[in-house]
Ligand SMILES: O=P(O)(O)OC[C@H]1O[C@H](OP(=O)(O)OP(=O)(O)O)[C@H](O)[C@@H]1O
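Take a look at this one chain, the form predicted on its own, written out in structure tokens.
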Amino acid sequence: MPSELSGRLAALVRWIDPGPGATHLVSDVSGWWRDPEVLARLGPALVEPFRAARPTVVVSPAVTGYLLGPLAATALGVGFVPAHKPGDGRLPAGALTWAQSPPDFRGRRVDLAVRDHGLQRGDRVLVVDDWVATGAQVRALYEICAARGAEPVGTAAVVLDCPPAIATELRVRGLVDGADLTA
């Protein structure tokens, strides 16, 4: 991975104080979408470590994953399947396979669903997300893959912020190390 892209991605992250009562700063990655060079390079950079695994589909969770997933899928020449969260208020009609994540970095358990017709038995799934801190959502998506008879080949993230043991276990590769981001 070219270090200049990693550096540019890190430089484009802003930290925002959400206001009174907040216990932490909130990351703003909108700069990634505004920079046309970064946007053009994200998909190919995310998928490069996984090309040899020959993914047949990309799965990404709402909301930022709906931007990154299609970029990665296009770079691979495969399709994209969105993973829905009930909290966004727009669940699709039809049969869904659900999983609940273990607690995330805020202690929340996140429900995720994929349309049953989106993942087929034998699919080789690349999960793509913007930030992996605990691997909680990745675990839930891998559970959905298993329930559908699909095989997760790994996870590509822009920011890898989880402990090395989790990254190894879940086969997560990132473009930016979370330790390189300063709040």
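Here the structure is a predicted model, which means the values were calculated and not measured. The first residue of the sequence shown is number 1, and the count goes up from there.
Form predicted together with the named molecule: not shown, discussed below.
Work out which of A146, V63, V26, L39 lies within 4.5 Å of the named molecule in the predicted bound form, going by heavy atoms.
For this set of options, the contacting one is V63.
Which among 115-123, 146-154, 50-58, 132-140 is in contact with the named molecule in the predicted bound form, heavy atoms within 4.5 angstroms?
Every other range fails; the passing one is 132-140.
Check whether W98 has any heavy atom within 4.5 Å of a heavy atom of the named molecule in the predicted bound form, and answer yes or no.
W98: no, not in contact with the named molecule in the predicted bound form.
Though only this chain appears here, would K85 touch the named molecule in the predicted bound form if you measure heavy atom gaps against 4.5 Å?
Yes, contact at 4.5 Å.
R109 versus the named molecule, in the predicted bound form: is there a non-hydrogen atom within 4.5 Å?
Close contact is absent here: in the predicted bound form, R109 is far from the named molecule, nothing within 4.5 Å, heavy atoms only.
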